[in-house]
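Next comes just one chain, in structure tokens: the form predicted on its own.
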Amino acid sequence: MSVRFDHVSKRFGDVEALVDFTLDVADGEFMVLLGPSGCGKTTALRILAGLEEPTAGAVTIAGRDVTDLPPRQRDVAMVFQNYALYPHMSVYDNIAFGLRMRRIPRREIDRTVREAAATLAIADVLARKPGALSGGQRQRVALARAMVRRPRAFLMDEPLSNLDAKLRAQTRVELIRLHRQLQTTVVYVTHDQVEAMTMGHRIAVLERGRLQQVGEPREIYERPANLFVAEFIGSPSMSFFRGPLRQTDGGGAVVDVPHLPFALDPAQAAAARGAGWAEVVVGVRPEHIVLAEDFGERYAAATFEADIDVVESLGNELHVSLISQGRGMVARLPAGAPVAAGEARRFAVARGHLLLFEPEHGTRLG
């Protein structure tokens, strides 16, 4: 089932929660709405569910305008952050509740509930009350209750945010597997970029009610549309350096950051000149900051001396906080890299991996 937001806006008094929001979700797609708190992603989901009315614009489901339809007529199921289970009912009754309201035959309800419980590995807790379950089990009950309705779309509002790290990872895998099995359209809201990058077919990034970029996870990471997306996506986050664009002999160009000039590739230099940019913001991912001794300096866009402030070991890699000329940045190095806090070392930025942004509006070059 396809979904379309067509120039949807929503105001709460003087607050613009959504501004001219247009997004197409394909039939069977897992679309993630990603952004910080207050960016409008939950408002968009509630408008799709029929729980909020848009101030302007239209919502269509499977080509049908549902803007003015009540939630029960939209054939969607919503899974909330707080599970919204009935505490006085057993797990079985929570899952079966919606089916009973629709007067489904008892035998069919029993078969459907038990199939969903088996799929989500909660068949052994059907007789329990929600209060006797773990957070992960309660979330699976909420998913099962949505599943049995056989909706044309699942709407999920930060469903994993109340789980601990291990359960979040396990439930992410379960949701990916469940989507593959059901082949149902999913619109999933989160502020967690790990969830977005690992689960979404595509990601829609929002900020202050405005859509910033839509694309596949790799595209969002490697080709962010602007400074906001570049800074929001990636952990540790990208480092940024601002400086004037200076032409060099032979048609090249340098972003003249004090004590850290960045030599641009010929294509980037030509594009920056063609755009008429006087100043440039250079973005560098942590994995592209390397020890200079391990990297031929002629292949570097820049080299610099830095003091190692903090070394964080994640087992398979190191996150190394650096200070150079008063500027902080983070390098992602292999686990066995010979670095220690308090050392001064020489680092290089790999050529060919610079991202260039226009300072005033934040637009990426190219």
Partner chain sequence: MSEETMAGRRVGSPRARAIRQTVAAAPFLLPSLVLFAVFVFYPLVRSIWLGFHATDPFGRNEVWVGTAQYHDVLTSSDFRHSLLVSGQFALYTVIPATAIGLYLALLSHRRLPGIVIFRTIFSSTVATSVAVSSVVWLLMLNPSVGVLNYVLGKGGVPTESWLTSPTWALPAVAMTTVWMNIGFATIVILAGLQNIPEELYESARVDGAGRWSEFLHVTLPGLSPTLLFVSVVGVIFAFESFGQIQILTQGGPLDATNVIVYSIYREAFLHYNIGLASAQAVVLFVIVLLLTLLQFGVARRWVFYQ
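Quantities reported herein were computed from a predicted structural model and do not represent experimental measurements. Residue numbers count along the first chain shown, from 1.
What comes next is about the form predicted in complex with its partner chain, which is not displayed.
Interface residue remark: residue 332 is not counted as part of the site for its partner chain in the predicted bound form, having no heavy atom within 4.5 Å. With a 4.5 Å cutoff on heavy atoms, residue 77 counts as touching its partner chain in the predicted bound form. In the predicted bound form, at least one heavy atom of residue 85 sits within 4.5 Å of its partner chain.
Its partner chain is not shown here, and in the predicted bound form it never comes within 4.5 Å of any heavy atom of residue 252. Picking from 261-269, 94-102, 109-117, 164-172 the stretch near its partner chain in the predicted bound form, with a 4.5 Å limit on heavy atoms, gives 94-102. Only one of the listed residues (180, 72, 246, 218) places a non-hydrogen atom within 4.5 angstroms of its partner chain in the predicted bound form, and that residue is 72.
Contact annotation: of the candidates 291, 89, 194, 121, the single residue with a non-hydrogen atom within 4.5 angstroms of its partner chain in the predicted bound form is 89. Looking at 127-159, the residues that come within 4.5 Å of its partner chain in the predicted bound form, counting any heavy atom, are 129, 145, 149.
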